[in-house]
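Take a look at this single chain in structure tokens; it is the form predicted on its own.
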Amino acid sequence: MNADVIWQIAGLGVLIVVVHSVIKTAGRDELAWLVTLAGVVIVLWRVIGVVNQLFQAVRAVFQL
């Protein structure tokens, strides 16, 4: 695993914060929270993929 995944997650977090702020400033609070929720789901999906790769590597090392 390299640091690209960490940078992608951090970049997505910054993007979500900016979009949330812009939409909230426009007065659409509900839509801003939906955008934030979608961002959290996407980040969790990425993290689950990384954890899955970790478990596969552990299985390969210990031949389970």
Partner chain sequence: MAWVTVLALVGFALVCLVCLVVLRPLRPELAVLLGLAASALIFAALLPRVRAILDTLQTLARQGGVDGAYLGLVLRIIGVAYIAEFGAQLARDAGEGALAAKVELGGKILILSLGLPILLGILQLITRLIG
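In this text the structure is predicted, and so the values were computed from the model without any measurement. Residue numbers count along the first chain shown, from 1.
Missing here is the form predicted together with the partner chain; even so, the following discussion is about that form.
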Heavy atom of V14 within 4.5 Å of the partner chain in the predicted bound form: yes
Proximity of I23 to the partner chain in the predicted bound form, heavy atoms at 4.5 Å: no
Distance check, V19 to the partner chain in the predicted bound form, heavy atom within 4.5 Å: no
Residues within stretch 27-64 having a non-hydrogen atom within 4.5 Å of the partner chain in the predicted bound form: W33, T36, V40, V43, L44, V47, V50, V51, L54, F55, A57, V58, A60, V61, F62, Q63, L64
